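Shown below, as structure tokens, is a lone chain in the form predicted on its own; questions about how it binds or moves come after it.
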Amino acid sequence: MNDALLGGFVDAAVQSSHAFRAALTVLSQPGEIRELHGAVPPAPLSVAAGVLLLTLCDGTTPLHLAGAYDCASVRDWITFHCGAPLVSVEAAVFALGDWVALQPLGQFAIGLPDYPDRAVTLIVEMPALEAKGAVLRGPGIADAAYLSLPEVAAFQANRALFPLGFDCFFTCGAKVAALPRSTHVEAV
């Protein structure tokens, strides 16, 4: 049996509903870390990244794969389970890769003054994801939150573009966190 046919949701309606709720929670509460389950994607995709793709991507959401994530097993799995068109950086609504592979960030859409929603959402695969490190402040955070980010300067520059800029999901194993463009990031 083709491996691309395996690893999707067993009960798509329920599992995607739970995953969508978790994705909205982490996006609206920066620094919050949740776990996502229900998918068994091919390597090198993490469980959380696979679940996000199954939940957020379909035939109308162009996806760019960067670095090691742009491989036959991942492309075939996405094509079968999501139907998301795989595109170049410039056309991406979502982009998936590790932090190094997604560079330079300036290549991604940040929206337009009249349409700030026309920006990319990055799904960044991380080696670790913990509630420590950079200090986060802003909407959805009572006082301060903490998150292990790959760097600080890029997110400070992104915040300076607000209401333009990109949004990020961070994934590691089954864990997911998010950083919307509205969040202020400070080095520790």
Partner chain sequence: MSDQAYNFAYLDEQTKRMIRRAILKGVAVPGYQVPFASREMPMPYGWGTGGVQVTAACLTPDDTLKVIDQGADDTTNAVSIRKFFQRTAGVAVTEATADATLIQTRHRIPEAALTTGQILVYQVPIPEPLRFLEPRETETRKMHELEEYGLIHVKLYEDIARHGTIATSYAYPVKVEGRYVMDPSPIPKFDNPKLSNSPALQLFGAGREQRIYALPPFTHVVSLDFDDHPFEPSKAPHDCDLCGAGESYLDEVITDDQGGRMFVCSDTDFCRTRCEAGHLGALGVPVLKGGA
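Positions refer to the first chain, counted from 1. Because the structure is predicted, anything quoted here is derived from the model rather than measured.
Here the subject shifts to the form predicted together with its partner chain, a form of this protein not shown in this document.
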Original post:
Pick from 35-43, 128-136, 155-163, 65-73: which stretch has a heavy atom within 4.5 Å of its partner chain in the model of the complex?
Top reply: 155-163
Original post:
Should Leu54 be counted as a contact of its partner chain in the model of the complex, where contact means heavy atoms within 4.5 Å?
Top reply: yes
Original post:
With a 4.5 Å heavy atom cut-off, would you call Ala13 a contact of its partner chain in the model of the complex?
Top reply: yes
Subject >> Distance check, Leu27 to its partner chain in the model of the complex, heavy atom within 4.5 Å >> reply: yes
Subject >> Contact of Phe94 with its partner chain in the model of the complex (heavy atom, 4.5 Å) >> reply: yes
**OP:** Could you list which residues of 163-182 come within 4.5 Å of its partner chain in the model of the complex, counting heavy atoms only?
**Re:** Pro163, Asp167, Phe169, Pro180, Arg181, Ser182
